[in-house]
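First, one chain by itself: the form predicted on its own, in structure tokens.
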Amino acid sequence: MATSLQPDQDASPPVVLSGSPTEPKKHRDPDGWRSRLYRLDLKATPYVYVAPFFLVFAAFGLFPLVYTGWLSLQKVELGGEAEWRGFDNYLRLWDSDFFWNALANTFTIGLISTVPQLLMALGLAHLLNYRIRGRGFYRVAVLAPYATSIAAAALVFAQLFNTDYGLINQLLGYVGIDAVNWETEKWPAQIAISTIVTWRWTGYNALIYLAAMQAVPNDLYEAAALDGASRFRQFISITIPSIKPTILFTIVVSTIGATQLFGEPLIFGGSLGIGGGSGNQYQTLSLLMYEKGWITGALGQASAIAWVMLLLLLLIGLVQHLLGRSGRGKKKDGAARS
């Protein structure tokens, strides 16, 4: 007779002791650490990518800025120890005729170089915006002066404006004008230096204007042409208002560049370039800062001049912001009224 192998239905289940090998283990997510690592990667990767920029900026931008600000409050001679003076360096600049002369020269040279430069750049961009033969060559050609080094350009123009044998005085002599002392007189020297700046940066600004002009819709010009507007009227009424933000940008950038003008007057003046000529007639703030720091050894005063230049640049940026903001506000008001 066969014996049933089925277990007894009334038998109780086996008792599992705590800590025995047969105890069921708690469920663990094998991918939990991977999820945390993935979330950490999403959050940390962007900071890792931008970290090199901030490290370089902190080392070569922020630290020199802060350190220069600290030096401006000290009396520091080249190779000596620092001595706390507070705002004495700034007060000495306020009472210095050399500082105000350099500030005035920086303003006048910047004005003489910026205004003609941007006007000529605007005209060049308007001409290059038309479909003329060889306009690709002209676009490259106008950028060639920008690619020229400051030293080379300044040396060439120094020879052109030489008082004794310069080409400019020779041309003036042909039309009956006496020779001009381009190096010793104030206004001729500033005009000569402004000519170097204008020659180098006109093409660069022209290409910026050209890029902005090409973004203006052609429908506006076609509608104006149908209404009988001439090309000059289209330029005044359509082109300039459409690229006004770009014009404001170039004005601010050119003004900042004029504030930091250094290489052109330094090389133009030769041995007298650091002092801005025999009578400081074209000494800019950058030249005065260099003279105070490395010629006279007054690093505290040079640092104070550097911070004054920084404050001027911040003021220029604030003016740009306010002008741009007022322009956008007027546009919104005009759109709301219409």
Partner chain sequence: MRISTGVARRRSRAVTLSTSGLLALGLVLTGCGSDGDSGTDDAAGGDKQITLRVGTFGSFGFDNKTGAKLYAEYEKLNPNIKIEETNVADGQKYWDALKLRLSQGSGLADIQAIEVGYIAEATGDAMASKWVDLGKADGADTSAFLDWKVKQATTRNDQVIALGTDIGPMGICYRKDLFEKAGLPTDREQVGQLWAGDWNKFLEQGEKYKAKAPDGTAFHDSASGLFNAVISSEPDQYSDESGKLHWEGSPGVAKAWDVAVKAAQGGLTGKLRQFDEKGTWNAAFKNSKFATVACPSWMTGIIKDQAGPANKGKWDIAQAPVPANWGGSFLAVPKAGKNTAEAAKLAAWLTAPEQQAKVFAVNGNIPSTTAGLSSEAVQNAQPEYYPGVPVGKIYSAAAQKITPAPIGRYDGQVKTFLTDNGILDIETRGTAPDKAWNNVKKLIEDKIDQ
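It should be emphasised that the depicted structure is a prediction, and the values quoted were computed from it without experimental measurement. Positions refer to the first chain, counted from 1.
The discussion below concerns the form predicted in complex with its partner chain, not included here.
**Student:** Exactly one stretch in 51 to 59, 35 to 43, 306 to 314, 276 to 284 has heavy atoms within 4.5 Å of its partner chain in the predicted complex; which is it?
**Tutor:** Heavy atoms within 4.5 Å of its partner chain in the predicted complex occur in 276 to 284.
**Student:** Please tell me which of A158, L103, I109, L124 lies within 4.5 Å of its partner chain in the predicted complex, judged by heavy atoms.
**Tutor:** It is A158.
**Student:** Among W84, Y165, Y174, F232, which has at least one heavy atom within 4.5 Å of its partner chain in the predicted complex?
**Tutor:** Selected option: Y165.
**Student:** Any chance L65 has a heavy atom within 4.5 Å of its partner chain in the predicted complex?
**Tutor:** Outside the cut-off, so no.
**Student:** Using a 4.5 angstroms cut-off on non-hydrogen atoms, would A151 count as touching its partner chain in the predicted complex?
**Tutor:** A151: no contact with its partner chain in the predicted complex.
**Student:** Counting only non-hydrogen atoms and a 4.5 angstroms cut-off, does G297 reach its partner chain in the predicted complex?
**Tutor:** Close contact exists here: in the predicted complex, G297 approaches its partner chain to within 4.5 Å, heavy atoms only.
**Student:** Using heavy atoms and a 4.5 Å limit, would one call V76 a contact residue for its partner chain in the predicted complex?
**Tutor:** Taking the distances in the predicted complex, the answer for V76 is yes, it comes within 4.5 Å of its partner chain.
**Student:** Suppose contact means any heavy atom within 4.5 Å; which members of 300 to 318 contact its partner chain in the predicted complex?
**Tutor:** The stretch 300 to 318, when checked against its partner chain in the predicted complex, contributes only Q301 at the 4.5 Å heavy-atom cut-off.
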